[in-house]
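Taking the form predicted on its own, here's one chain by itself in structure tokens.
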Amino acid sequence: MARIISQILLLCFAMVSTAMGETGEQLYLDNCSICHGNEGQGGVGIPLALSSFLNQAPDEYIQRTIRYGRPGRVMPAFTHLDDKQIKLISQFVASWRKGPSPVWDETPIKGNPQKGEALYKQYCISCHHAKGQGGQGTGLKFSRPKELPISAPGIGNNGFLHSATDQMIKQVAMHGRKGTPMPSAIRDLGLKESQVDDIVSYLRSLQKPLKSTQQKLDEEPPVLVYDSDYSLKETVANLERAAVGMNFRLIRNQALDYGFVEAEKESTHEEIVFFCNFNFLYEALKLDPRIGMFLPCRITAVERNGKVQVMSINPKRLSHFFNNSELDQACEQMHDTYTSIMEDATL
């Protein structure tokens, strides 16, 4: 009966939301489905429709996760959504749950964090890594062993610790998570409940104040631009020479408006140079397939009123949008590569 009432309430809420012009389903499709799948089946993000996840994750946890994200772990903080929109999304996700929401219990656990650290290193570090930063890769099969349904979450991540209560972490640790590699600490590992309390206390000791990524974004311009004293034709030739000199393979050149206008109407004052180092591309894609949005490398040369400039996107700024700390080094390397090529071509 409780399940039927719950489903009726969810249906009524969806009807009211539709009348108001904004639904949890539409907000989910607009903001979440690209990573978690249209039906919560997972992809870059974890599968949200997994029953073992929904039965352990209170609605409040889902809402906090949307609000805080996972700094450096692909999941962004959705600061542009208000509390009402976040609640709508969490209620839509909750509609996949076959039972009631788990109880939101903020009772702190008092264990021994020193003993918990030793236990964590013995039983948890192989999957969740040192300090709980989580498994590598985004969750796509290309970036992790394909037999794993998800990449181990960052249970020491600040966003996670600000979203999950001690009691939720304890329940997941004690019972494991069916459908994932997460074992039961009690049944499979033979730990005592007091030892689980120690591990939870250790993880809680890792929590720090949350910081905004806006400052990092403000520090990096979206585009790298250099003035050239050469003609457009000479500048393009210089770009090609500089790219080859840094062990990149030239792919093609094309007009900036290629594909948008008829061939005979393409601009002769804007040209893109495409080049690639395939070893770097492959390694970067393993870190995060979304990097394919701006790879292979490209630099645009533009002539305006007799003045020539070269420009490219700034990978260091994009790395903050992607929110994947593993990409930071690769994006910094790309930034330095673009800078070196453009400086060489315009000297």
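In case it trips you up, residue 1 is the first one in the sequence shown, and so on. Computed from a predicted model, the values in this text were never measured in an experiment.
The same protein has a further form, the form predicted together with a small molecule, not shown here; the description that follows concerns it.
Trainee: When the small molecule is placed as it is in the model of the complex, which of 262 to 270, 117 to 125, 221 to 229, 242 to 250 ends up with heavy atoms within 4.5 Å of it?
Mentor: Of the options given, it is 117 to 125.
Trainee: Is there a non-hydrogen atom of N31 within 4.5 angstroms of a non-hydrogen atom of the small molecule in the model of the complex?
Mentor: Yes, contact at 4.5 Å.
Trainee: Any chance V302 has a heavy atom within 4.5 Å of the small molecule in the model of the complex?
Mentor: No, V302 is distant from the partner.
Trainee: Does any heavy atom of C35 come within 4.5 Å of a heavy atom of the small molecule in the model of the complex?
Mentor: So C35 counts as contacting the small molecule.
Trainee: State yes or no: in the model of the complex, is some non-hydrogen atom of P76 no more than 4.5 angstroms from a non-hydrogen atom of the small molecule?
Mentor: So P76 counts as contacting the small molecule.
Trainee: Would you mind picking the one in A284, V310, C297, L48 that has a heavy atom within 4.5 Å of the small molecule in the model of the complex?
Mentor: Going through each option in turn, the one that passes is L48.
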